[in-house]
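Coming up is one lone chain in structure tokens, specifically the form predicted on its own.
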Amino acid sequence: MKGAFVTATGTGVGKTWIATALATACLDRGKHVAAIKPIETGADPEPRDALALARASGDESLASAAGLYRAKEPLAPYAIQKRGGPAVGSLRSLAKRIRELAAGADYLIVEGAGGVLVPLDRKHTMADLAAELDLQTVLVARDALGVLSYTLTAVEALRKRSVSVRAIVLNHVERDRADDLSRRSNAEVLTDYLPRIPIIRAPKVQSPSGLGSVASQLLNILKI
């Protein structure tokens, strides 16, 4: 199936906004898109990210569909499992369920939870789910000091699982310092290290609707 897996270097870098903007851009192009966040913790009482994403695709029911992982505690799924909470279970079964929910759609947008190496169980991480789904992968990172190591580490972890990163979005997060000198060179340095991966710098915006230009660039790169 055509589509994209949106993951990140860590939690709170804005991947929900990027995924939501992607879903909206697909709709604007007249395409039927299924936008799903299959794993969400901190769902107390609702999975807010999954709801925002599903609403952007025009099908709110995708957020509450059976077979997806939801947990109240804001922890990694494996940490929740070790505390006696629900387990994610088979990644193959989860990927199959995601594809079933997207049946009939032109494109599938899947948003991961947290960073690429968030532990899902004793042996698997979010990167393994990306590999199981075999979608084009978009990596979102904060355009701030430290992003070089975070991003290169994430790309290396994904490549180890034969997941190809098709684009990197350097996101401007609200809490970032205005005087962060690294933003002048982050994109340039990453381009030198990752010359085959397009680097997109997102502007500072107030909502996903302000990321239309970023979403349009991503759709062109992904050819969806």
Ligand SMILES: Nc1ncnc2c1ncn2[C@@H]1O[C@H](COP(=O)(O)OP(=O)(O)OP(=O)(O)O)[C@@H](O)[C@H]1O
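Quick note: we count residues from 1 along the sequence shown, nothing fancier. Here the structure is a predicted model, which is why all the values come from computation and not from measurement.
The form predicted together with the named molecule is left out here; the points below concern that form.
The named molecule in the predicted bound form comes within 4.5 Å of a heavy atom belonging to residue 211.
By the criterion of a heavy atom within 4.5 Å, residue 114 is counted among the residues contacting the named molecule in the predicted bound form.
Of the heavy atoms in residue 200, none are within 4.5 Å of the named molecule in the predicted bound form. Mapping the unseen interface onto this chain, residue 216 falls outside it, with no heavy atom inside 4.5 Å of the named molecule in the predicted bound form. Just one of 172, 55, 29, 159 comes within 4.5 Å of the named molecule in the predicted bound form, counting any heavy atom, and that one is 172.
In sequence order, 14, 15, 16, 17 are the residues of 14-35 having a heavy atom within 4.5 Å of the named molecule in the predicted bound form; the partner itself is omitted from this view.
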